[in-house]
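What follows is a pair of forms of the same protein chain, given separately as structure tokens and numbered structure 1 and structure 2.
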Structure 1
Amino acid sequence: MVTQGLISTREDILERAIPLFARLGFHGVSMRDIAAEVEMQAAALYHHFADKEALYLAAMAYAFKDKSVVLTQAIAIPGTPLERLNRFVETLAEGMGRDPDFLALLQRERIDGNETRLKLLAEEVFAEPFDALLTLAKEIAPAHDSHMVAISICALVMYHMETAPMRRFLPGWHTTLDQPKFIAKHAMALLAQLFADGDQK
């Protein structure tokens, strides 16, 4: 019973810390800020997390844990390579669209560029779905570098999400263009054409 209480408290801390880190960044949030948000003494946070970096990494892992599983599963479901890619692209777009805090965390972390945190995030959070995508990329585009293909697939979806606040001020924008399903469909149309052109060469 005590263990369950500790788990609930830890998850509550992570759930409340994620929006703070997303809004203010790693350096803009203190353990005191998080303690105030969860209404506990700052010293009590160290019962759950060794330091702010440990809390931050746990928050990132917590924010992505469900996405990691569903992205990996999207590729694992049997189908043609393009069908599996389509499921991955749709799942990625929908996941990013539903969770602006996670998208903001990714943007902030890339800008901050802390090598230790980036390495841990890559290894502990993103490695499994990316490995599955890497294998799929080898099937779809065997003549190209699989790492670059996998990165390009992710970038094609995520860049649309990341630039949404600015794109609405550009000519030709309308609300449909920000819908995850539309972004996924657009990305897949480009990818399918690209891979089809590659097969013909």
Structure 2
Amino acid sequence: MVTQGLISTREDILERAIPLFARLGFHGVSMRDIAAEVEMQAAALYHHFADKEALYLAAMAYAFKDKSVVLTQAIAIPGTPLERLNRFVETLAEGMGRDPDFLALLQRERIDGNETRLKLLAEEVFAEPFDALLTLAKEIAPAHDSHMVAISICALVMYHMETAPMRRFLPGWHTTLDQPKFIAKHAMALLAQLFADGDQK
């Protein structure tokens, strides 16, 4: 065995391809671009992947792997519903702030992904933490549609992160407003106010 504790060539390719795909998209990156990043010839890539699409799909799977576990865990830690929600929101914001490539890939996949890929992403990556968030939403806001509440919770974190590059040029912006910790804090301030008591409709 060559790879032992170190990284295999295949994984090296994926890890170096991910930032390229994240920044430039599928059509914006050539096989030669990826090869150059790994410091090998483009032809060698075909020894590890059938074609460009297979490489891209493998890169996506690799980038999305294990991303949901932390979220599911965060929400699973015992505590009051608001405490658990707070843990989820903080973990989500912190995680996205730490991995801008993942944030970019997720947005790209939302626009470019076909039905099959979107279904896979939803079911393999997000179903588990979303389910946990769904039951939390039912506890916390039984009067509203749980799916909508769960998405709204994500929205209050994700939209700030996704729009950060543009918000810079909108009135009232300052550097603090881009920090994951602050975004989580703001989202929780609103959510706590929303779901303070038993949720009157």
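Between two forms, the rigid core is the largest collection of C-alphas that superpose within 1.5 Å. All residue numbers here follow the sequence of structure 1, with the first residue given the number 1. If you're wondering where the values come from, they're calculated on a predicted model, not measured in any experiment.
Between the two chain copies, the one drawn from the form predicted together with a further copy of the same chain is structure 2. Of the two rigid parts that account for the rearrangement between structures 1 and 2, one contains A93 and the other contains F64.
Rigid-body analysis between structures 1 and 2: the smaller part rotates 17° against the larger, C-alpha superposition.
On the core-superposed pair, the CA position of V38 changes by 3.9 Å between structures 1 and 2.
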